[in-house]
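Below you'll find only one chain, the form predicted alone, shown as structure tokens.
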């Protein structure tokens, strides 16, 4: 079974994914790390040298590769913040994984990203403050996150460990059905 974690940058997909994969005794595949290894370049380098469109194509190909390894056992996939904005990726996550949206409020995202957004190309483009950029991107993405996910977990006011516990509870409940 594939479990995917989606949500905005800074919502804890990688941290929560590590805790969930450890608890399940399965593999964690961080989509951004997979892309970096495949391309031999960092995400900012890919954006800078090739542009967002090329990055999104590489992201789609990489997600397809990960999902084609169905015989490799259970896997938790930590998707990139914008992965769902490519319709083919959203469809793969929705249809081929138990997709969980880690939903965070704007203030939580600002707090989580304020010291770590320089290497995030989507936050460096556009106008305004970090908060304004997050609000702009969330207006574009939130409905897609919600329509792609089978389960939504609100992370506001919770530690990544508490969020991982909530994700595990949701996975257990879903697998019992």
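Bear in mind that the values here come from a model prediction, so they are computed numbers and not experimental data. Residue numbers count along the first chain shown, from 1.
Same protein, other form: the form predicted together with shikimate-3-phosphate, not shown, and the subject of what follows.
Partner contacts here mean any heavy atom within 4.5 Å of shikimate-3-phosphate in the model of the complex, and among 104 to 112, 148 to 156, 60 to 68, 40 to 48 they occur only in 40 to 48.
Using a 4.5 Å cutoff between non-hydrogen atoms, residue 9 counts as a contact of shikimate-3-phosphate in the model of the complex. In the model of the complex, shikimate-3-phosphate stays beyond 4.5 Å of every heavy atom belonging to residue 34. Contact check for residue 122: a heavy atom falls within 4.5 Å of shikimate-3-phosphate in the model of the complex. Though the partner is left out of this view, residue 56 does reach within 4.5 Å of shikimate-3-phosphate in the model of the complex, counting heavy atoms only. The partner is not shown here, but in the model of the complex the stretch 131 to 146 reaches within 4.5 angstroms of shikimate-3-phosphate through a heavy atom at 141 alone.
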